[in-house]
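So here's one chain in two forms, each on its own in C-alpha cells, numbered structure 1 and structure 2.
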Structure 1
C-alpha cells in the first residue's frame, strides 16, 4: 500500500474540519504526502453513516464514501462546541500550514481560529474555506448542497434529456470540483507564502467553482451569440457530430471536432454503407459548419454503428484516428482492460474491512508518487498520538477530556 519513494508534501501539515463538500480536498493533500489531521466530532463524523456501505451493512468503518474520501489522513475527535476544546483547537491550527474548513461563514472566527486571528501569531498560515456561496455577498449565509450548487452554478440546466427535468451527475461532482480547486488554491497560497512570508484566506465558493468548471457555453459565448444552451441529451451543442450511437451490443460515444476527423469518418461511413451523400463537401470544415445538419449526420452514423459491435467500432475507429469510445457501465469500467494494464485500482487494507480495491492515482508524479499511505482513520484513532504525543497532554488530561465527552 505504501509506495516507495518520496512524498511531494512530506512535512506539510493540514488541519481538516470538513464535511462532504471539502473532504476530497483533504484526500488530495494527504495522498500527496501531507500530514492531514481530520477532526471529527466525538463518536465519529456524520460521513461514517453515509451509504453505500460494505455489504450493505452500516457501521462506523463501513461507509465506502468515508473510506474513500479519508485515505492517508490521521483522525482525532474533538467537540468544537465545548469551551475546553478552544485552546486545543488553536494549538492544532497554529501547528498546521493549512487549515481546511467547511463551517458556515463566521463560525471559524467564533472558534478563535479565523485567518486574521491565526495570522497575528503565524503570518504564513493559509486558511482554506469551502462554502456554498463564499465568504462575502448577500447569499454568503445561504445553505447549499451538491444539488443546489449544480443549480446555481449552471450544470443542472444543461444536463439530461430535452424532455426531462434537469438532472445531477453521479457522485456529487460539485463538491469534488470545489475540493480540487481548494487544494490547488491552497498550494498557490503556500508557494506565495514561502516567498513573501504572508499566508492568506482562500475563499472557495461551490457556486463559483461549479460555474467555472461548466462554463463551456457560458457568458462570453452567450453575449456573443445570444444562444442560451439547454439540455440536449448526450451530444455537445458545439460539436457536430457528437453523442452516443447504438451498436449491436451497446453504445459508443463519438466526438468529431477537427475537419480531418470528419473526412475520415465520412469516408468510413461511405465504405461501410455505400452512402454517397455523406461525402458532400457541404459537411466539411470545422464543427460549427455542421451544426444545422446534426440530425441527418446522426442518421448516417447510426446506419454504420448498427452494423457492428461496440468493440469493432471502438478499435477500427481508433485505427482510423476517429474518437470513438465505448459508453461503459461501472462494471465495464471496473474491468476496463486499459485501466487493468496500468494497475489503476489499488488494494487498501483497513483493520475493519480487510483489503478492498479503491480507484488509484488521479495523476502520476514520477519522483514523488501519489500513494495511499494509510486507510481512513477509525474514530479517534490518533487522539493519543496527536493530542498526547504531539500536543503533550498528560494521560490524565486525555482521560478526563474523554470522560467529559470533549474527545
Structure 2
C-alpha cells in the first residue's frame, strides 16, 4: 500500500449501489480517500463470481476483477427489494455526500432515495447515476452493456478487419470511461455543493461518454478532414499510418498524427532501408493525405521494423519523437522496467488471498496522495460496523435481519 498525507476526499462518504458499469467510479473515489460503503445483495455481489480467478480457482474472494475494483471500500449487505431495507437505505443515503448508483431509471425514486427526495432533506447531496442512455429521452429505459455502449457509441464500427464483423474493445473500456467521467463529474458537483450549498444529480450516459471519448470513431475527423472512420485492421482511419508491425521478437504499435511525425518516420525508414520513395512529398501533410497509400506505407514500415527488436524500435522511436509502443502480454506488463522503476505496482494483503501485487495509482496528485487504504471487503464484512455501530441497530436486530435474509 501507498503511504501519504491527507487524501483529496478524506472525510467524504460515498454510498455505492453499482454494478460493473460503475464499480470503477467507486474505486477511484475510495482510493482518493472517500469512505465508500458498497451495498451488495445478501450472499454477495454477482461480480464476486466473475473470472479471472486467482490461480484459476473460482471462489467467493478469488475474482481478480472484484478484488481490484473494490479496493479501499467498506462492504455491507442489504436486500433492496425488502420493505425492511427502505428506512436503512434512506439513512445510509442521507449520511453520504455522494450516492453512486447504476440502477434502472426510476428505481432510485421507487426506493425512496431519488435525488429530489434526498435533496429536500439534505440540499447539498450529490447523486451520480450511470445508465446506458441517461435519465431522460426516448432510450432512457433501454438496457445496455459494455458491448452495447461500444456499438451505439461507435468503437465497434471502426475496430477489426474490413471484411470481418466488428470487434469489441478489450477490458470493458466503455464502462471504465463512464466511471472515470462519473468520478470527475461527482467531484465537480461536490465542489459546487461546498460553495453553494446545493448538490446536483449527475447524469452519466454510457453512450454519450463513449461518443465523447472515442476519437477513433468520433466526428473530429469528419469535421477536420471530411473522413468517415472505417475498419482497417489494427490501424486507425484517424491516424495514417498506424497499426501493429512485426519486429524480430514481437510487435510494436505505431500512430502517426502530425506532419512532423511522418517526416521523422520517413527519414528513419530511408536511413535503415535505403528506400527513396518514402521521402516523396506526396506522403507529407496530415493523415488524410496518406489514407489511399496506407497499404504501401505499411510495407515500408514493416521493412524497417523487421530489422530490429521491439525494444530497439520502441526506444529509438522515442528518441525521434515517434509514437511507437510495445504490444505486451499481461505477463510482460507486470515485468515492464518502466512500471517497475515508477513503483507502479503496490502490495495489498487480503485475508482470503494473502499479499498480492495490484496495479497502482492511475494518477499521482502531489498534495493529496493516492492510496489503497484497505483490500476489497468480504461479503457483509462491515455490517456490524456500519449498521450496528454507525446506524445504531441493536445486535438482536442485526441477527433478526440476517435470519430473515434482509442483510
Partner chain sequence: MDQQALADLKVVEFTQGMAGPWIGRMLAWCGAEVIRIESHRVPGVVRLYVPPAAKDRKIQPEMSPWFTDWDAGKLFVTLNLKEPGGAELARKLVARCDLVVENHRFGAMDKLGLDWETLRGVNPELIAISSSGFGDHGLHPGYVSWGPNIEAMSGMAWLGGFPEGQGAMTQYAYPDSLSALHGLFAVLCALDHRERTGEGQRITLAQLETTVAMIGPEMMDQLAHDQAPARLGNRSTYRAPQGCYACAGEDRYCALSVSSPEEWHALCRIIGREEWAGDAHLASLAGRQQAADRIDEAIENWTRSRSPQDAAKTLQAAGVPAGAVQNTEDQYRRDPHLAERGYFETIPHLKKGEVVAPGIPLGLTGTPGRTPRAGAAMGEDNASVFRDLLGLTETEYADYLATGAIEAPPEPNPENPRPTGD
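Positions refer to the first chain, counted from 1. All figures in this text were calculated on a predicted structure; none of them were measured in a lab. Think of the rigid core as the biggest set of C-alphas that the two forms share within 1.5 Å after superposition.
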Please state whether structure 1 or structure 2 is the form predicted alone. 2
Is residue 213 in the same rigid part as residue 363 between structures 1 and 2? yes
With the larger rigid part held fixed, what angle does the smaller part turn through between structures 1 and 2, rounded to the nearest degree? 8
If the rigid core is lined up, how many Å does the C-alpha atom of residue 325 shift between structures 1 and 2? 3.0
